[in-house]
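First structure 1, then structure 2: two forms of the same chain, each alone, as structure tokens.
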Structure 1
Amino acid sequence: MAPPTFQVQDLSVVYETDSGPVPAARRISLSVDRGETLGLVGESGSGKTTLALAAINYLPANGRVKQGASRLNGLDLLRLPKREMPRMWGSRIGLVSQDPRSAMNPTLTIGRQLDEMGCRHLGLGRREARDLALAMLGKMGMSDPPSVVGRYPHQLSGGMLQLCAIAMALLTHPEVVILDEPTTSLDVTTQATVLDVLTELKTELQTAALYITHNLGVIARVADRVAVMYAGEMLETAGVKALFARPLHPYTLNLLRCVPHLGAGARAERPKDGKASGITRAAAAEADASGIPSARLASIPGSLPPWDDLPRGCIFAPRCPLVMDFCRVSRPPLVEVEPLRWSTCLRWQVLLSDEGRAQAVSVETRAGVPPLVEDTRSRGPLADGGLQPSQEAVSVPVLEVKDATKAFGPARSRAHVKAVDGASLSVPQARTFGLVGESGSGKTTLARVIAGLELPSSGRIFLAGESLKPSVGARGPHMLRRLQMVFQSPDGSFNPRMTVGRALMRPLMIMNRLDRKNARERALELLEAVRVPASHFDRYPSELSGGEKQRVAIARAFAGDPDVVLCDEPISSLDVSVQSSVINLLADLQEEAGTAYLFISHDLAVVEHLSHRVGVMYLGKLMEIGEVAKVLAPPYHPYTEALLSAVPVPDPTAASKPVRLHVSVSSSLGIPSGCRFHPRCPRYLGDICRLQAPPWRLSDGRVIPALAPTSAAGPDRPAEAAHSISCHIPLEELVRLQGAG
């Protein structure tokens, strides 16, 4: 048998840092053959990017390969002199990085940058190189390559730019290509297209590919084999189907159980027949078989071991639910436990049975954690103003948004953009309204308008029936206390010069008028309720992990015992295993405190998992709104349909859905006339979509014309109906189309 195209043997990498050497990757071996894609999965700090960069001799200046070899068709890249490498990169090795904007030179047209590959590495003339570039872009599925090559990077959308970057990497038909999270910064619909293109090209070009990602769904779509990395070591490797069906390392198993699976059903109002969403039942069924209630995600307790104090035994032992004494004795090697399946776990056989798997999954429970709901003593004098849970309260929505519109830029100018255009929604007590949409859909702007951080151009917001002042500064402490927000970035959420304790005490003192002593007591209770050790009270935010910070941010939002918490992508910057524990925490707190959430996310599976009602936004307008099970089942709005079929499901056996949106070429903003989705709509009807705003179609058969004032529609506005879609296509027709397709 011929040696594999690309082979890494026993590779160790050390970074020299101010705080000492960091062994970022340790004794890793892998191989990729031509036409094969090896998926490298791991959370941040797993060393996956380090490994890939070291393997192609492309480490940053402070990185050093300690030992090992990396062979490309027999040639050891690590023994080559440094000056030989630039010739290899680009011609025999391709690299696609996460951010295409920084990978491209902003001062040169795309064409010039692509031509250079042909001229430099293939020795072509200008004209031949341009022909090759155009042909390559055509292979990427672009409809009009000549218009793309004449543009500068800033004139292209992120998705289009990434397609160009991939074209550039593959132009010279390299023997191996490293794809480092190429779709992570893209929208899910764009990601689906890019993944399709990659899968196609893989067959055509027969390139060996190393695909790095943290997204298990993406891995399931593109990889033939998967290697799982953790803390700089490889824990398991296997064929993609075998790995997802039957992981043989507890870390892999837990990772798979950390992510909510689209179609697994929501926390409430779960469809009984189980066919409602029709995505993947297999995943949900398996989760049920192992005895985990699907309402609770697995989460991996603890954190990565510190670099300067790695455990002597199994690297995962400190966090492993299956750990035994012998796991801690010495580092177990990666061994072939079954044909073509390697695992470092000494107890892999436990994972063969359902009971064993159930035992290996760690699900943290709320047991032993003091409830968040506090006694009246610490609530302070303003507590009486709060909402009392009663029959009446349930019928009146806690949060109601009517026709909120937010426009930026001067009116009648080209820069005038309605980021939110007439959004109406309502959230009852103890319920979650999930808001999904791609970047630029206006979901964050809507949350900021509700919070009063942006002034709405028009529209009203009600909190438990009371009209809210538009500006946060005018609202007064008793209103502020009842509406709080959790932000996307855990790093930005805290003042770096303020201790965690002070960050928690401040809202208690301001909004609840507690004195120092009581505020401190209550702050400590809050920390405990979100499972952050009390020892963190006097620490600065930089000393906390991302997950801990986000927990404290949640505690801060809950400090005033709010009625509504706006969650703006609170988990999207966290690692998978940490995400799940934050999701669980939010669900627990909602149950205990009866808080309503507006949960914003681009991740449909998470929204499905947490939400009772869902709204789908596109370019500032709600396209579809309703109960979660109804929104995620036909009839869908064509946009929802495209979103759903674009979500990569962590199940390699799931059939890929055919609905794709083309990647928009231009980066410029501009809101299309008529239905704003029409230029990308896979179910485009014709002039009516282009010229007329679509009506709201309610599940009870009523149709509300787009231009009718909301009040004329009576109490059952689209915002409150069981399910409403804003589309020119009648619901029955949508069912027929989508049932077939």
Structure 2
Amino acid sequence: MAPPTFQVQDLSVVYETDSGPVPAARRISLSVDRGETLGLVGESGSGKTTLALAAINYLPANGRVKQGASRLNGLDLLRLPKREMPRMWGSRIGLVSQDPRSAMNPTLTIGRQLDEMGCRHLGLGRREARDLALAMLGKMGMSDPPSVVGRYPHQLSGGMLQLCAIAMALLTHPEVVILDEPTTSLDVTTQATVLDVLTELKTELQTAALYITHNLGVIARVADRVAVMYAGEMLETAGVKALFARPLHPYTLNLLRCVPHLGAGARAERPKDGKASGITRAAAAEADASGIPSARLASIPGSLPPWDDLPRGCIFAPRCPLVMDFCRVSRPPLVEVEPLRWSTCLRWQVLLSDEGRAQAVSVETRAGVPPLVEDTRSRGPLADGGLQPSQEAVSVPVLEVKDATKAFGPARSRAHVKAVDGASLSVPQARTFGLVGESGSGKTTLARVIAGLELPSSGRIFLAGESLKPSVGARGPHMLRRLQMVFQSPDGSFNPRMTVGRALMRPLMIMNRLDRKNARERALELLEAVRVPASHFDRYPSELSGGEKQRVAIARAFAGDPDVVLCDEPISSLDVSVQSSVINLLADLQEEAGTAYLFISHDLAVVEHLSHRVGVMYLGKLMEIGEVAKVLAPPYHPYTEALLSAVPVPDPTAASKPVRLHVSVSSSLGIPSGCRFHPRCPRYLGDICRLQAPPWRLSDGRVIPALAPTSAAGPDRPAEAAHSISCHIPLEELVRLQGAG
């Protein structure tokens, strides 16, 4: 039997720090065959990237391999002198990182950088190297490669730049390629295109691939086998179908259960009489076959153990629902528990039954969230235990956006960009409006316009019926308190020189006018509300994990008891276990405080789980809007159809009907005539789509002309309808087309 193309044996890695050596990976073994993809998963800090970099002898200066071997077709990479490694990197080893800009020289064109790979590693002349670069970009599905090679990195979108980075890594047909979170920062359609390209090229080139990610849907899509790491150790390895169908380690089981599944159920829109329609919260709370209440995601309480205080027995024991005394005695080895399956769990047999799996799942129960601040809003209890908006709040949405437009640049200039074009939406109290769409569709710009961080070009925004000043600087403390925002990166929300406690006390003292003593007490209550230990009060942001920082950012947003919180991709940078905990937290806080959310995300499964209504945005314009269960089921806009088709499902056996779009989104500088989606539409009808703006089609069959004011009062406007689609295709025809696939 031929040896694996890429093999790591008994590898241990340490980092030298001021406080001594830190063991980042311990006695790891794995292998990848030719043409095979091994998925490497685990929480942030598990050592996945460290393992991959150590295996290709690419550790930073303070990293050191303590023991073990790493072989590429029999050659031990760790025994090669450092001066010989640059010849290996690029020729026999490819590396694609999460941020493609880190792999690109900003001062050189894309073509020059691709040419250099062919000239340096393959010995080609400039003309031959350029021909090879153009051919590789063509294989990547890149539109107009001759134009792309003449551009600089900053002139390309994130998706196009990532395709260029992958083309660079695969140009020399390497024997192994390391893919470290290559699609995490991409939207779903671009991600789907990149994954399609990787799958095709892997088959064509027969390259061994190590794919590192926390997106389990991506792993289900691209991997042949999966290895699960935790706190620097390997806990389980198996074929992808076997592992997703029946994980044999509690950590793997809980990771899989942390992921929201598209189509698993949506939060119901509640009509004015207070009675739930569709999927009720009571029904959603019923446990499924695995013992998980479908209204809540599984979670993994606690955190990874500190490197200087590792547990004596099983590394996962402090967080494991199945832990027994004998689990804490000594470190269990990775053993073959079934043919071609390895696990370190001493109680893996328990996971063979439904009862055992239910026992092994950690469900973060809905703890009583302390009252955030004294609430003066009128609310009454819902039948399901949540908070019901008052009749006044139902009749007057707490947040209303009417025909908001935001343009950048002089109106008569060719550089005039309409990032938001006549957007209208409304959000009642204690409800969530999900906003989805590709990168560049205008979602964040709309949120910044609502927050007053960008001045609208036209349109009006109302908070509880009161018109908001366009600029945040013109809004008084009362309005600032009632409208808050949580950003994608929690690092940008904090002053690094200010402790967590001071960051929470400041808005309480400024907006709520509390004295220092009461502000401190309330800040501690806020930390308790978001389940951050009180001991973190005096820590600085740099001393917190990413999940902890995002929880503190949420706590600060709730400090003034806001009516509305704008959530702009608040969980996209978090791993799955932290994501599930933050999602549960947002739902709990909404039920306790009655706060309305505008929730922006490119993860449609998360949007479905949290939202009551959804809007689908493309090139600044809403293309579809309505109750979440109706928007995410046929008939839907062809753009929504493509978005849903692109979502990676965490089930390797799931049948898919791919609807793929071109990588490039049409530029806001030149919005197409007629339907702005028509150049990419898989249901394109011809001249009517190209020349005429589409009407709004309501679910009851009514048609509203495209030029009708969407902000007019009354139930007929698309922003308030149960479901409305801006498309030339009749709804019954969309149902036929989408039902037939």
Partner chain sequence: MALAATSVFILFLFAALFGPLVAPYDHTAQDAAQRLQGPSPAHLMGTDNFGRDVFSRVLVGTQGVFYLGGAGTFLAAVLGTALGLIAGYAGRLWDEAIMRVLDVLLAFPALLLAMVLLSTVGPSDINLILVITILYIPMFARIARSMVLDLRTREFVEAARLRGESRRYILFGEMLPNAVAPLLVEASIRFAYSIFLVASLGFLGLGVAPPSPDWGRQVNDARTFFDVAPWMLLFPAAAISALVISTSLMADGLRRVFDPSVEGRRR
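Computed from a predicted structure; not experimentally measured. Counting starts at 1 and follows the sequence of structure 1. Definition used throughout: the rigid core is the maximal C-alpha set that superposes within 1.5 Å between two forms.
- Between the two copies of this chain, it is structure 1 that is the form predicted in complex with its partner chain.
- When two forms of a protein are overlaid on their rigid core, residues whose CA moves 2 Å or more are considered shifted, and P311 is not one of them between the two structures.
- Core-superposed comparison between the two structures: the Cα of T203 travels less than 2 Å.
- Relative to the superposed core, S330 shifts its CA atom by less than 2 Å between the two structures.
- Superposed on the core, the two forms differ at E525, whose C-alpha moves 4.7 Å between the two structures.
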